[in-house]
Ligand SMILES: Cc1cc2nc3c(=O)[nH]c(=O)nc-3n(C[C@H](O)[C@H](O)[C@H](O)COP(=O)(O)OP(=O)(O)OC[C@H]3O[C@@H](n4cnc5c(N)ncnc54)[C@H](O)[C@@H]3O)c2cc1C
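Here's a solo chain for you in structure tokens, the form predicted on its own.
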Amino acid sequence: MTAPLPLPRVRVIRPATVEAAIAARAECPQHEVLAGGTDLLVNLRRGLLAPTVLIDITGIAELEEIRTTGDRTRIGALVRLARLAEDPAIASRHAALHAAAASVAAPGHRRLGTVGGNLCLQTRCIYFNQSAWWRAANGACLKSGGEVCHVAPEGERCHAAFSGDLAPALIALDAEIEIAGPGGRRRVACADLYHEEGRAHLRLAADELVTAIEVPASAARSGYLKERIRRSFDFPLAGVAIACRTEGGRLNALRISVTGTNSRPLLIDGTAALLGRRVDESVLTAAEKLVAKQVRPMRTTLFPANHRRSIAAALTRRLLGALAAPAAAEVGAPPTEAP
């Protein structure tokens, strides 16, 4: 086992405003944006990235703000994950987001890691996230400049998986992402920030920057569960976020989102078919099947793809049953076991 490579020599730019950061991105094509650095610095040491410039955005004060109004919560891209995980207002208003932030890696990572960094997390694969000497010995993959995806050699795209925890929670909560660029600021639904391509999964121009998230207030109950090899540290093998609302013991709103299985966080289609029904065994089974059919895990981790598919489906059953348990109790049904 060899020692990690030293960090490459780079020029560091520290803009004080969002506009200055955008200008720096446009002027320095071979750059990376530095916030918490929990993923970036590891990738630099492994030779996975080779920027000539780091744009350190940690001095932009507006990106550290959390502002709450009656109908939404605005969270800056530089807000630390530990702050979200420890904020009782976030826990009461947006439980899935609170749970997702609290589940990220270890306490030290959460104290450094940021909202924007977790949303823009690099996709991961056992053939990519290795040392430079390992990749040289085994051949470069599509994501590292090669001509083949070792996961699916006959295909034409990279299957590296997205493993961020905040994105599925925000998708389930119907949140929007604010993006700043040379033409001003725009908002997109969180799901629309991504697409299914492991090499370039973010729908961001080279000179754009994620600046904030906007989470609407909602009466829906929400939560997030994930499974990983080491519970105290690892990225998810699969993670599931759900937001649901019931009336009279019946579902009248349901959003399910999954991470860790595809090259993007996935909003599950077909949940409208479950509305108007009580959350009983048949609904839990139907929700499981929706997830199992739509996720596309590939051999990007040490765990088999089918096992990760089963994990995603099982987490869906467990979480939906727990979130619907109070509604079931209101109409006299036995509650589902909580996670």
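A quick note: this is a predicted structure, and the numbers were derived from the prediction, not measured. Residue indices: 1-based, along the sequence shown.
Unshown form predicted in complex with this ligand; subsequent notes refer to it.
This ligand is not drawn, but in the model of the complex it has a heavy atom within 4.5 Å of residue 164. Remark: residue 215 does not count among the residues lining this ligand in the model of the complex, judged by a heavy atom distance of 4.5 Å or less. A residue is said to contact a partner when one of its heavy atoms sits within 4.5 Å of a partner heavy atom; residue 35 meets this definition for this ligand in the model of the complex. In the model of the complex, this ligand sits within 4.5 Å of a heavy atom belonging to residue 77.
Just one of 53, 40, 283, 295 comes within 4.5 Å of this ligand in the model of the complex, counting any heavy atom, and that one is 40. Scanning 209, 243, 190, 266 against this ligand in the model of the complex with a 4.5 Å heavy atom cut-off leaves one residue, 209. Although the partner is absent from the chain shown here, none of 82, 87 and 223 has a heavy atom within 4.5 Å of this ligand in the model of the complex.
Listed stretches are 112 to 120, 215 to 223, 245 to 253, 89 to 97; the contact stretch with this ligand in the model of the complex is 112 to 120, by a heavy atom cutoff of 4.5 Å. Contacts to this ligand in the model of the complex (heavy atom within 4.5 Å) from stretch 193 to 208: 204 only.
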